[in-house]
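Given next, in structure tokens, is a single chain: the form predicted on its own.
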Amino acid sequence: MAMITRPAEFELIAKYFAPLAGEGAFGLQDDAAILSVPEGKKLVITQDALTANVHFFADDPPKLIAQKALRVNISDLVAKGALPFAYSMAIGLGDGWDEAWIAEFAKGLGEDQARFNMHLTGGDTYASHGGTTISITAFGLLDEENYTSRLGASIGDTIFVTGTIGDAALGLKQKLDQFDKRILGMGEKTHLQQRYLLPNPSLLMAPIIAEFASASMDISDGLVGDLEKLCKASNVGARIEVSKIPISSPARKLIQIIPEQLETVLTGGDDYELLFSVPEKQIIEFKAAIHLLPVSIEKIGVVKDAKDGIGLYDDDGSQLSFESSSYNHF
């Protein structure tokens, strides 16, 4: 049996995480960090944790695990109209890790730090015998007056989403062999698998959300469930046209063959796309602003009065219902 090579805790920090530290982090040699917020900006803070066998599999590539952990937090920042600035990380390492695993994990963080223009401020490392857990607190910057919450949607606002919905949830089902592998071709399988492994938040959307959105959030637990959260926070209802929801070709192919997979697409989660509303009076300017953006943005419905509830409708006007509206940890 090959011996597992593992650096000691402080050697691990010094070798793999200290090089990721930025200004004010003291090379990760202190107990805290100091962040200087530029004049006229406010700090937006979000936190998400990923756990082995809940949010990722222990045998997923460590580089992609690191990047997913960072990107699900970046997705939250963008949904608030903020740009990434810095992050702290607590990582509990499961029993199977070795130095090669941590080196790839740190490489993934480093690449995404450069891609998203942020740096590590500190955190914690510890043994996690129940499996690897990564908890990231991300800090973003935005102009003082431009924070976009879930609470601002109003009757008549138009509802939009970015990207395509449901690919990640189907990618997970594919990995778990929950449908016949012969249905999809190799390229289609790869597309779904990549969407499961790695979200792709677009920083180009942050200023759009900040300027035009009345309410916004990222889609992490499923489109239907997260729409319910946004509407509840804003005390409104919504009418969604299911045919307008953007769905990828592989997902559509699966739905055509296995119609019940539509529920997976709309409620499965892990999309990390944006769900937001735009007031009618800003629609013309909004469309002009997004015209040349390399981001897919689709209108899927309209904000209604709270007494109308939340409805998803087929082209024939029939209302859809699902056993569960979103992923639920408990």
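Just count from 1 along the sequence shown to find any residue number. For clarity, every value in this text was computed on a predicted model and none was experimentally measured.
There is also a form predicted in complex with another copy of the chain; it is not shown, and the following applies to it.
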| query | finding |
| --- | --- |
| Interface segment, criterion being heavy atoms within 4.5 Å of another copy of the chain in the predicted complex, picked from 297-305, 262-270, 276-284, 52-60 | 52-60 |
| Val44: touches another copy of the chain in the predicted complex, heavy atom cutoff 4.5 angstroms | yes |
| Partner proximity in the predicted complex: Phe212 to another copy of the chain, non-hydrogen atom cutoff 4.5 Å | no |
| Contact test in the predicted complex: Gly96 vs another copy of the chain, heavy atoms, 4.5 Å | no |
| Interface membership of Pro207, another copy of the chain in the predicted complex, 4.5 Å heavy atom rule | no |
| One residue of Gln113, Ser202, Ser248, Ser135 in contact with another copy of the chain, assessed in the predicted complex (non-hydrogen atom, 4.5 angstroms) | Ser135 |
| Non-hydrogen atom within 4.5 angstroms of another copy of the chain in the predicted complex for each of Asp177, Asp180 and Tyr196 | no |
| Members of 24-39 lying within 4.5 angstroms of another copy of the chain, judged by heavy atom, in the predicted complex | Phe26, Gln29, Asp30, Asp31, Ala32, Ala33, Ile34, Leu35, Ser36, Val37 |
